[in-house]
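One protein chain, two forms: both are listed below as structure tokens, the first as structure 1 and the second as structure 2.
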Structure 1
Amino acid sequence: MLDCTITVESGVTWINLKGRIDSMTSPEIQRQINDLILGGERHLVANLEEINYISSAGLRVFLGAQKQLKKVGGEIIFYKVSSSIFDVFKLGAFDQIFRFASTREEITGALHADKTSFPIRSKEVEKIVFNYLEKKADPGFLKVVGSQENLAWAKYIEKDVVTIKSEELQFGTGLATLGDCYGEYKNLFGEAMVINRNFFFYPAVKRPAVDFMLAANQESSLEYRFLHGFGFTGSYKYVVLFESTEGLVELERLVNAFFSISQANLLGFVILGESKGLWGMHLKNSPIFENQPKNGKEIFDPINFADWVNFPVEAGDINRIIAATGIAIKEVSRERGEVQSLLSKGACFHVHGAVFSQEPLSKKIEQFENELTRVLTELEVYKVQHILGKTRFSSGMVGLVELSS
């Protein structure tokens, strides 16, 4: 038998165990640890003071959790391990993988040593807690790509395609695809995003699958084909960790709160977060001239909408990782008309994002760019979406680029 209780003491999460850890009881420990990790916990203390037996099956559970946590800057620390239990750890050389503590002061010291020495500021806005770093960075630049004029009527033709070299597009979103011959790629335009020159798009076909090109090398000769969209360049002025003090964080509320950190009117941003309900949409058909509706109405007309747009009736992709990029405008009227046209009526932001596999994320601000690279290059990707303001996150990190247009 095994008793497992979770407590929080001085901000540290403790897993208090009593009894026997073996193949029969370890699944419950694994469930509890998985729940904690998915809930955002990164440093755990396993109290083994009252454990009288542990098998390799039990050790394997802790090893799996340690591998997950190490990826995101966390770990499990074991507290008050008896000599007989420690011998089991040594048998498999597990004593070289974990840290052990016999006093609470040792745990406090170990966790304190892991804290960043960066000057982190904090503030709370609209029940969202922000911890953020401010860096030296000149304003970046926003570039509008192509035009949306032909979208509603699906009237794009070959001359409307805008070709952009990967070296020219650091971040961006739009309707885009890959390919060299218009006749081959014209039916593959779909929601696309670019983060650190890495390109992901979701072809507007019956059975879509995300295609992507990893091109972080600035000397790449790759070319992307856009019907419309935008791109921006620049360095992060702020890197932000966000968490809600009450419930979850909606995308719309999060984006509006960015302007409490930055005084810029126009921001480019990259979000890396854990989804607690994604509201996203994508086209089902490429909006080229050959595909336009036969009834002469717009693709967004109620008669055609269901055939052209995959629109959610409920939130999905719970616990998936979302990497997204977009722009936000504080006062839309201050920007030129070309920039204003990038936003839907009444909206202040435009975001595309990719849905990746379920995985814990680091909460260390200084690791944001490395963590973003890990997600983009290592995790499985499922779709790219135009993301709506109702999308919810449990927590995440954001890079903010102040822009001029």
Structure 2
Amino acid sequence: MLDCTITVESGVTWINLKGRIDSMTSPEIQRQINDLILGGERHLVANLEEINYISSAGLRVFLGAQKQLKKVGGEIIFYKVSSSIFDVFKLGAFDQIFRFASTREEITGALHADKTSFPIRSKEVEKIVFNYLEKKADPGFLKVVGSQENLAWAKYIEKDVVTIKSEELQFGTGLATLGDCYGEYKNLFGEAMVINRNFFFYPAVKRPAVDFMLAANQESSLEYRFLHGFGFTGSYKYVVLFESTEGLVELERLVNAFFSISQANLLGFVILGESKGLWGMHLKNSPIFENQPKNGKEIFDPINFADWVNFPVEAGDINRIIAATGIAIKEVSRERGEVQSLLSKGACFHVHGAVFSQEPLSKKIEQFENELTRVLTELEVYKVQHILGKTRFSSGMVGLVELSS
């Protein structure tokens, strides 16, 4: 009773429907649309040229799709709707929440008005292919928060806590938590990450679960408590799609290659990719004075390490989605001391990332920000960790913010 075929024409995905859209056939349409949305499609055209019947079951499917798509900056547009079908849309006042087109030019016009088109450039570095957009963006700023010097000896006390207002932190990582009273939150510090004001942290407790505050749900200003970390603000100068030409891409090789795209010495970045083997670590205890090891050794000392640090022995979380943020420095010696102190010895970057459920990701550069928002706000999140350079990806997208030194 219904034929449903998906075609892609000059970058636009069409759902070509033929027959009747009723209670029997709409579940199939719903399934197809869900697959497309999960696959990262954001602009869909429903071709109703050969549809002669639609009931409320069909309208409901389209309403649901429009709600999902609008949340992530997308839309479903109807093509060639007959007058009797349009009457049904009008009865339910659906003509006000959808756009209708009767020519292909109208579709192209409608979709392109929403997109700023930049030419995509390509580059191959270290066996990674980069396709990227360059945008106009002034350099952003890096802010160092607190200090790491009390970490190894686990001797942070209340006066070391740095309070940061949520609106001051666009991107960032660190050891942080939420709460009003030190006595209540002091044992809940953990690996933290902020992307577009969405805050995620993984308290260093026995059975941790990620806690988060999404930007959209923050009615008033929130305060984050940091022991140490950094934040940066700014706009993406480059939005990059990376794919390996050979095998998988390790984070370290990927980050080094950023410097063949950007000339800046200091970069802030956001990575969205599918893990092909995550190497991540997190603290198991809050590094506060009260928790200091009794044996008088550092928490990273071999005697204490296993009690204090959850360190991977093999790659994990394969195929899960990772959203990560951090900074990378080309020539470390050119940066001021407090910036240098953000990196471990010999490293040129510092990244924290959150692990989300396993789902297909879009590979369209123009949709990077929508896709990032979808992952951060809609997917299940499992942990937040400090991510090591040997973490591997097959492909993914990156936003690069150039930071002034």
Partner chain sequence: MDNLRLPAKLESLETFRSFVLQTIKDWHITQEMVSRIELVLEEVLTNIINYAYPTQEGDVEVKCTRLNKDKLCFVIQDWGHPFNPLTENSPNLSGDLFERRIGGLGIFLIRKMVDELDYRHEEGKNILKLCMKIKK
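Whichever C-alpha set is largest while still superposing within 1.5 Å between the two forms counts as the rigid core. Numbers given to residues start at 1 and step along the sequence of structure 1. Worth saying up front: this structure is predicted, and the values here are computed from it rather than measured.
Item to check | Of structures 1 and 2, the one that is the form predicted on its own | outcome: The chain shown first - structure 1 - is the form that fits the description.
Next on the checklist: With both forms fitted on the core, check whether the Cα of residue 106 differs by 2 Å or more between structure 1 and structure 2.
Outcome noted: Residue 106: C-alpha displaced by 2 Å or more between structure 1 and structure 2.
Next on the checklist: Once the core is aligned, does residue 389 move its Cα by at least 2 Å between structure 1 and structure 2?
Outcome noted: No; residue 389 is a residue whose C-alpha shifts by less than 2 Å between structure 1 and structure 2 when the cores are overlaid.
Next on the checklist: Quick check: residue 87 between structure 1 and structure 2 - does its CA shift reach 2 Å or more after fitting the rigid core?
Outcome noted: Residue 87: C-alpha displaced by 2 Å or more between structure 1 and structure 2.
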